[in-house]
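Only one chain is included here, represented as structure tokens and corresponding to the form predicted on its own.
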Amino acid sequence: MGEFLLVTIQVDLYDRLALTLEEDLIQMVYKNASKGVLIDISALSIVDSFMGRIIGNIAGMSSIMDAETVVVGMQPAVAITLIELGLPLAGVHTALNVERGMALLESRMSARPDDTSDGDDD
């Protein structure tokens, strides 16, 4: 998907699988020099505190690697659970569906300063 990665989670993730997803996703961000990660969780009816932390970790690591993270397809019960658990999900942007998530990533990329500068502020 160009400079974006799209991850669709179709099964409930147990802890080891979630950790593998985190590691594989960060490797793919590095390998593809991705500027955005879109995670579709519409098939998940439950997101526990561990999975919430994994999503936060992915966003944090992606941010360090200059990529934005957008989570889409969150069911109302999942949103309620995440709020009740008090998970801040810092650095995680959300959108209702994949289409809106891609639009959000594209708008965030266009709002970034031009990458063609040499990084020298002098």
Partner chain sequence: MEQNIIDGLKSKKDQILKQWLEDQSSASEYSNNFNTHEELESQSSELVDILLNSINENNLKDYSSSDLEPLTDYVSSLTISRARQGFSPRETATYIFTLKDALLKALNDLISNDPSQLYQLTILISKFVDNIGILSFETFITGREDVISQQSDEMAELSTPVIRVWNGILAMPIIGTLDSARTQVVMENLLQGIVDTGSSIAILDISGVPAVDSLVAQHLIKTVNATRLMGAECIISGIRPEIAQTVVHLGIDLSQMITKATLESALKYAFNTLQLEVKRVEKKSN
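As the structure is a prediction and not an experimental result, all values here were calculated from the model. Positions refer to the first chain, counted from 1.
The next section is about a form of this same protein that is not shown, the form predicted in complex with its partner chain.
- Message: Considering non-hydrogen atoms and a 4.5 Å limit, which listed residue (I46, I83, A33, I64) is close to its partner chain in the model of the complex?
- Response: By the 4.5 Å heavy-atom cutoff, the listed residue in contact is I83.
- Tell me, out of V29, I39, A59, A95, which residue has a non-hydrogen atom within 4.5 angstroms of its partner chain in the model of the complex. The residue in contact is A95.
- Task: Give a yes or no for R100: in the model of the complex, does one of its heavy atoms lie within 4.5 Å of a heavy atom belonging to its partner chain?
- Result: Yes - in the model of the complex, heavy atoms of R100 and its partner chain come within 4.5 Å of each other.
- Looking in the model of the complex, any heavy atom of I54 within 4.5 Å of its partner chain? Judged by the heavy-atom cut-off of 4.5 Å, I54 is well away from its partner chain in the model of the complex.
- Message: At 4.5 Å, heavy atom to heavy atom, what parts of 57 to 91 sit next to its partner chain in the model of the complex? List them in sequence order, or say none.
- Response: M74, Q75, P76, A79, I80, L82, I83, E84, L87, P88, L89, A90 sit within 4.5 Å of the partner.
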